[in-house]
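Next up: just one chain, as C-alpha cells, the form predicted on its own.
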C-alpha cells in the first residue's frame, strides 16, 4: 500500500517539473533561440553545382552565398548584392571586340561581359579543409593511411580553419558546372550562354578518362574562356550574345563559391567511403552551417561564427510597416541561432505537433484547412477562432507558378489559328469556371489567371483593371465572367451550334489526356466534364500511365491536357517562353507543350527577351499577352496561393516564393514559446489518479484478506 501512495505522490510531483512531459526536444533547449521545422525526405544533393530540388535549396541557401540575392520585402522580386559591393556591371562587345552602347541592337552583340566585385572581409565557416599545421600548410590535404586509422567520424577532424572569400572561388564553381565528376543539371542550358563552357566540358571529359575513379581533377590548371579572375576580389563572366536573365541565375546556388582546396579535400582516397563529401558536408560563407546531418532523424543548421553579417531591410512596400514587417529595420542578421529540421513523413502528426507548439511554422493541408481557415462573406480567408485564440498569424502569397489546361495546337479540331478553332477555344475558356474550381478543389487557395504571367513577376498588372476580355467583361464597373450565352454564340460561330457539327450533325466529342488517377482526380475530372456539358460538348477523359502520357505529349497525339510550370527565376521570359514557337514540344522537345505558333508573338518574344525592364519591354509584354488571350492556346487556369501559419512567438514574416535564403530574417520569442507550450500541454492527471484509485480499490480486498491471514498465523 505504501508503494501505491509513493507512485501517486511521484506523479503529482512530476507535474511540477518545468519541462513539458510530451516535449520531443531536449530539456536544455527549452528556452533556446531555435526554430523548429521538418523535412519529409532526405535531400539528395547538398553540392550547389548539383542541387536543383526545393527540399535541398531550403537548406543550402542558408549555407552558400551566390553573388546576388532577392530583396526580402520588395515586389516585383528585386535583385540586390549579397557578397558583392554593387550590382554587376555589364559591357557589350561586337564580333571585333569593340565596346557597344548599352542600347545596341541585340543582334550586334557578340559578347556580354559581366564584372563582379566581392566585398573584402568575408570568411568561410570553420572547416577542416582550411586547417593549417605548424608550418602553415593545409593540415588535412594529404591524408595518409596512418591518419585514417584515427578518423572514423566527422568529429575526428579535430582542427578547423577558415580563409577569406576570393574571386577565384566563384570562378572555380563555374568550372565545376562542366566537370564530368559533378554532372550539373544546368550544364546544357549554361553551355548555350557561357562562352566556351561546352568546349570546356568536352575537354574535362577527356581528361577525366585517364584518372582513377574519384581522383581529384584540378580545374585551376585549365582556364575557361567564359570565367576569369581579374584580381583577388574581382572576376568576369563572358556570355555569348545578350542574355539579361543571367542576373537571376547569379542568385541561385549553382553560382555559389566553392574553394579548390575544399574540392581537393573531398577527393582524397577514403573520403567517399566514409560519406565525407560536399553532398553531405557543405562549406559556405552564409549565416548558417550544417552542424548535424542525420537524415533518418534530424538535420540542424547552426549560426556560422564567421558570418560577415547583414542587416534587415530598412524599406519595403506600402503596407509592410503596418504589417509589422519593418519593426526590425536595420538590425543585424541573423536573428535565429539554430534551425532544427526533424524527419516528419506524415502531414497529420506534423499538424498535431504544430498545434502543441512544437513546430513554429506550418503550411495548411486539405485535412487541416477547415480547422485553420474560414472564408468570410467577401470570400477572403480568415483564421478560425481556435487559431486566433492561440495567437497565430496567417500569411498568404500567390506562387510563381501556374496550372492550366493546354490545347494541342497541332490537333485538327482544337488546333491552329483559324477563326473557327480560335472561337471554339474561346467558348470553352468562358465555360470552364475556374473561380468555381478554386473554391471546390483548392479551398480558395488561388486566383484565376488572366494570362500566363503570375503576380510578383514583371509585366503582371496588379491594379485590378487588367483582365482577359475573352473570358471576362465589365458589368457596372465590376469584372465578371462572361455569361454562358456568349460561349454558346462563339461555339455556333465556330461551326458547332448546340455542340453539334453544323455540317454532319454529329455531336462534338473532345478528349482530355491525363496521367492522374484515383478518387480525388476523378472528382476533378467529373467537374471538368460538367463544364464542357454547359456547351453540350462531350468530354472524354483518357487516363493513362505517366510514361504513355509523356509519349503522347512528345508526339502531339493528345488533344487537351492539364499542365503547370514553376518559375526558375522571376522574369516574364520564364513564362512567355512556354508559348514561343521555336520552343514547341513536337519536333524540338521544348517546353511549349501546346505547340503554339504565332509569328507575331514569336517576333515580339525575340525582341522582348533581350530588353532590360522598362517602358519598351513592358509595352511589348502587354502586346504579347493580348495575342495569347485572343488565340487562347490555354485555358489559363489559376495561380496557386500558398497559405502559411506562424505561431504567436514568431515575428511577422513575408512569404517569398522565389528566394530561399530567408531563415536569417526570421525571429522568435523563446520565452513566450516556452510559456505557451506549457499552457497548451498541461498534463491531465485525473485519469492517473482515477486509475490509481481503481487499482487500490481492486487490491483492497486482497490486502485485507492477506492481513487477516497474517494475524491468524500469528495467533
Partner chain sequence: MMAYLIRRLFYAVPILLGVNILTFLLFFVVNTPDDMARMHVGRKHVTEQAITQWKVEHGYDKPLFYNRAEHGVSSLTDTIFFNKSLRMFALDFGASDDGRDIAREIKTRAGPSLAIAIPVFVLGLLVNVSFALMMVFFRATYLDRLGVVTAVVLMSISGLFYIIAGQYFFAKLWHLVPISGFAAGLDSWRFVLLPVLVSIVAGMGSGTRWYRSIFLEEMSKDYVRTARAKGLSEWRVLFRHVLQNGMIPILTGAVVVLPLLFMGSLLTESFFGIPGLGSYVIDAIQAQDFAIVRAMVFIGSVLYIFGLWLTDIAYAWADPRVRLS
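All of these numbers come straight from a predicted model, not from anything done at the bench. Between two forms, the rigid core is defined as the largest C-alpha subset superposing within 1.5 Å. Positions refer to the first chain, counted from 1.
Keep in mind the form predicted in complex with its partner chain is missing from the figure; the text below concerns it.
Contact with its partner chain in the predicted bound form, defined as a heavy atom within 4.5 Å, is made by all three of 189, 682 and 702. The stretch that touches its partner chain in the predicted bound form, counting heavy atoms within 4.5 Å, is 340-348, out of 340-348, 155-163, 303-311, 257-265.
At a distance threshold of 4.5 angstroms between non-hydrogen atoms, residue 297 is in contact with its partner chain in the predicted bound form. Contact between residue 692 and its partner chain in the predicted bound form is not found at the 4.5 Å heavy atom cutoff. Contact between residue 439 and its partner chain in the predicted bound form is not found at the 4.5 Å heavy atom cutoff. Within 4.5 Å of any heavy atom of its partner chain in the predicted bound form lies no heavy atom of residue 120. Only one of the listed residues (77, 249, 532, 511) places a non-hydrogen atom within 4.5 angstroms of its partner chain in the predicted bound form, and that residue is 249. Checking 577, 140, 233, 172 against its partner chain in the predicted bound form, a heavy atom within 4.5 Å turns up for just one residue: 577. Residues of 579-599 that come within 4.5 Å of its partner chain in the predicted bound form, judged by any heavy atom, are 589, 591 in sequence order. With a cut-off of 2 Å and the rigid core superposed, residue 384 has a Cα displacement that falls short of the cut-off between the shown form and the other one.
Residue 584 is among the residues whose C-alpha shifts by 2 Å or more between the shown form and the other one once the rigid core is aligned.
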